Ligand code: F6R
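In the form predicted alone, a lone chain appears below as structure tokens.
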Amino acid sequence: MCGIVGYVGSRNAVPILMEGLKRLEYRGYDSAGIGCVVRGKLKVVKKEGHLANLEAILPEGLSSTTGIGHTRWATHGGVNDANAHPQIGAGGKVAVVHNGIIDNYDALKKRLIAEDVAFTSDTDTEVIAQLAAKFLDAGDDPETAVRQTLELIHGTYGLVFLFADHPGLIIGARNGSPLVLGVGEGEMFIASDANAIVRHTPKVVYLDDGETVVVTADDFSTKDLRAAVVDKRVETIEWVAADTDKNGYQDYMLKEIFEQPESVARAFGEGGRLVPEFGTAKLGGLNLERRDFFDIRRVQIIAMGTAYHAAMIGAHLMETIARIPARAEIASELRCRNPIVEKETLYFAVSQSGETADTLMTLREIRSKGGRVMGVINVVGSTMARESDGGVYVHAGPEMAVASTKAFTSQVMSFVLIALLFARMRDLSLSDGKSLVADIGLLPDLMRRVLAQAEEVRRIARKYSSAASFLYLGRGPSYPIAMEGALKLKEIAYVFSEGMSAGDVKHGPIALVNEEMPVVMVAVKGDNLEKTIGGMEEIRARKGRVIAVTNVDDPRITRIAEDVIQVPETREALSPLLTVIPLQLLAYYIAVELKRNVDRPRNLAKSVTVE
């Protein structure tokens, strides 16, 4: 969950590292640091807090052609200067930056202390640096010292090593935490995320688990842990650095909310995924033969966080459109109960980054038992993308804000396409398929109409920004939207909020309702509308303050609700793509009113790569 960047070449590494860390700060911002080789010695500068704190103490004129950098999201050890990375081994000959958790660090630390090694931090990472230093002192070359170290540690890691006696050399290693190598002309880059290096080169190599890479300015060599050479393919990143700029918006999150009409259009338009004349979708990445569609009896979708809410909608779509029994599962819960894997079940794993540890480990568990897993993923070349049996790229583009918005709607759209394809392969008629395709094509313009109401949502946000807690309620496909709206408010405004089924609120939670509690209710045209309006009446009768998000012009809603946010009408199955936008904006504007750091909320990181 931390950010890693490294450079070796002919330019000054310091500004390159700092720029890379700025692009990775959303991955961790408890502390930051850089290390470089200066006249045969390691120079490490690190500081607690945001990257600006590190910038303020950088020595003027610091220059080196080899260096590593890190933004930390704390796991082991408190947030302070000593626990910031890079961590240095005894003797000052090796420094390391690390993303992940070393499970056996305590036993290793006790062993090293017994050998009179003095520790200066409380991190698990320092164990790695001290082990590498020990092997270097014993006469091992850097590559051997790293390999010997990796043989002793157990856990997850993305690691980059820097050596005082070997300027022009860095070594990376990966096990369960992403690392990507950037290949330039006479220079090389390494990072935990391609965002950090895409400004300098579009050519990348993705490391797999159990691989190390020895990097110099002109070459790299990738090996497995047995020192066998692994041939790697150099790939080209599709997007450019400009995609990660704010483009005049105050925050990345606001920019990404407003990018959703375009990102959803890419999700269904990339590669001609919609086939209007046949009323279906074309998703070659699923790698399914036509007969496979008849053999699948159930669908199970695994995910975490916001992706789980997209999975819930995906399961609803598979049942209502494709008429296949489907359910969404929190990946960490499914894995810990020894999942029953069935031959006739098709599994989907949903993740923006494609590196979410709980989802990735569950994917591996299902595949190890013979299950077939499809990925619904944003980041091309990610671990889950490579390890899935097939899948769908959502094409949301780079998402820099920690709180996911455009990736969520692109995931939902991907499930719309999947459900459409399955439905047409089974029993959805041509005319009904064509009708659904036509409605999908209208969505980007409908989303723009919702976004045009941003100032009205801002007014409502100001009105309720002092509320201590919120309830979010919905039924059917609006139930996951209620959960997603509540999650956004928790994530970026730090306001307690609970999303739940509007039908379940009477079974206990309605006791919380009073005149001080705003209750956001999503009411859309469809089978659940009457019951939802009835629920509004019940909330209002208990003096709850109702904020309605609706696509119907019903005088009962305007009478009951204190505030109404109107969205355009579409079929109920597609309504989540419109109703979620006001909830994203509501959370955003409340957070702004409360002066929160919207893009980098406390205690959170963009990609949860540790279990």
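Because the structure is predicted, anything quoted here is derived from the model rather than measured. In case it trips you up, residue 1 is the first one in the sequence shown, and so on.
If you look for the form predicted together with this ligand, you will not find it shown, but the lines that follow are about it.
Mapping the unseen interface onto this chain, K488 counts among the residues with a heavy atom inside 4.5 Å of this ligand in the predicted bound form. Proximity of S351 to this ligand in the predicted bound form falls within the 4.5 Å heavy atom cutoff. Using a 4.5 angstroms limit between non-hydrogen atoms, T306 touches this ligand in the predicted bound form.
Contact between M521 and this ligand in the predicted bound form is not found at the 4.5 Å heavy atom cutoff. Checking Q87, S404, S410, S192 against this ligand in the predicted bound form, a heavy atom within 4.5 Å turns up for just one residue: S404. None of T71, T356, T125, Q260 but one reaches within 4.5 angstroms of this ligand in the predicted bound form through a heavy atom, and that residue is T356. The partner is not drawn, yet in the predicted bound form one stretch among 396 to 404, 111 to 119, 282 to 290, 202 to 210 has residues with heavy atoms inside 4.5 Å of this ligand: 396 to 404. With contact defined as any non-hydrogen atom lying within 4.5 angstroms of this ligand in the predicted bound form, the stretch 96 to 116 contains no contacting residue.
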